[in-house]
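Quick setup: one chain, the form predicted on its own, written in structure tokens, and binding and motion questions come after.
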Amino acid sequence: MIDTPSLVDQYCHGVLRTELGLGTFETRLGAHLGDRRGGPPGLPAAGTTFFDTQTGFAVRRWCPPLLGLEPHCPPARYLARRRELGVVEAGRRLLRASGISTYLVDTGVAGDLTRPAEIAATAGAEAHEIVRLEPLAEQVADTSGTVDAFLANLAEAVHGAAVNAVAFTSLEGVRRGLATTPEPPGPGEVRGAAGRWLAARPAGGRLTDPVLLRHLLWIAVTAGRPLQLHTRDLDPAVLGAFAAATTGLGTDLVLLHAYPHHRAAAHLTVVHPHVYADLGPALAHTGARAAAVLAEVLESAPFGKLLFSSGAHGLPELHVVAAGVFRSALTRVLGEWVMDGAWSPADAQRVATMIAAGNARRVYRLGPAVSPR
């Protein structure tokens, strides 16, 4: 039996503070299934439901018993019970039953989402902040009147954020910033890009300039915290070149959301000593097939390079599902290898503990584990 009593959720978002009806819940479930690039959540096709997905079935398997219902109960009944308990009590029951002892929370997504301290209090766990680079740069631009002030304040803001954050994360930096070259841009190139962007930027405009995005990534590389890269549009050549360029600089890179390119991400962890791969919501997305996906990652990735996360956004159910599916898949895969005689029980338990929490505690320099209350 594989025992993983304490998990570190190394990448997630806050949970919603508002009550949800069936339609709104489904919309949030659909947003989790999509790539969430900043647009509005999608809707299911007419006459269909996002509950009819692997994630939806997993929610119905793992979550109803935590709210006093039978597994696989109808969605409408589950949501009625959720409203009966209230959003605070339902969230408390769900998060405290997940077995997650530590949450690393990306606070850079807009919405009525709980902050790390709120998650910690609700879950009876500990929580730390992950700073998203692009919104940080946009905030600096809002308060900087000149190009010189913007560039100076940007570097100061990133290094200042590193004091309290456990990591930085970037979405557009991978998609746009590394599209041409992994190398840091020169000072003249950065200054010219900053001038053009600031001059053309409407109030509150998003950072999309590839030169500034690349510059931002390289500031983060020097800030002394791990850098999480969203890799849903994974281009192994681009990421491999960036990994090679950052080798030896002391900053670990963590590849997020690589599924369905999880084998390519696993390979990068083999080639580059400072690159790690997040198992993330891929296991929750694949539900009953999660063991097969996990086994594919374990084919090549060093076991000390893999990290558990939920990738959860908005719904506490997604933390529960990710944790439950992860434990189930890990037990099935490693248990079969033990039964076949390929692994010893002691080695299986050691690797399970590494992936569940130990690797994240090492990478993010977290303290000793705290059991969820």
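Residues carry their position along the shown sequence, with the first being 1. In this text the structure is predicted, and so the values were computed from the model without any measurement.
Not pictured, yet referred to below: the form predicted together with a further copy of the same chain.
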Heavy atom to heavy atom, is residue 70 within 4.5 Å of a further copy of the same chain in the model of the complex?
no
Indicate whether residue 176 is a 4.5 Å heavy atom neighbour of a further copy of the same chain in the model of the complex.
no
Though only this chain appears here, would residue 121 touch a further copy of the same chain in the model of the complex if you measure heavy atom gaps against 4.5 Å?
no
Non-hydrogen atom contact residue 78 with a further copy of the same chain in the model of the complex at 4.5 angstroms
no
Which of these stretches, 92-100, 294-302, 109-117, 214-222, has heavy atoms within 4.5 Å of a further copy of the same chain in the model of the complex?
294-302
Is a further copy of the same chain in the model of the complex close enough to 5, 132 and 143 that every residue in that trio has a heavy atom within 4.5 angstroms of it?
no
Sole residue of 159, 83, 206, 289 within 4.5 Å of a further copy of the same chain in the model of the complex, by heavy atom:
289
Just one of 249, 149, 271, 241 has a heavy atom within 4.5 angstroms of a further copy of the same chain in the model of the complex, so which one?
271
So which bits of 47-66 sit within 4.5 Å of a further copy of the same chain in the model of the complex, heavy atoms only?
47, 48, 52, 53, 54, 57, 60, 61
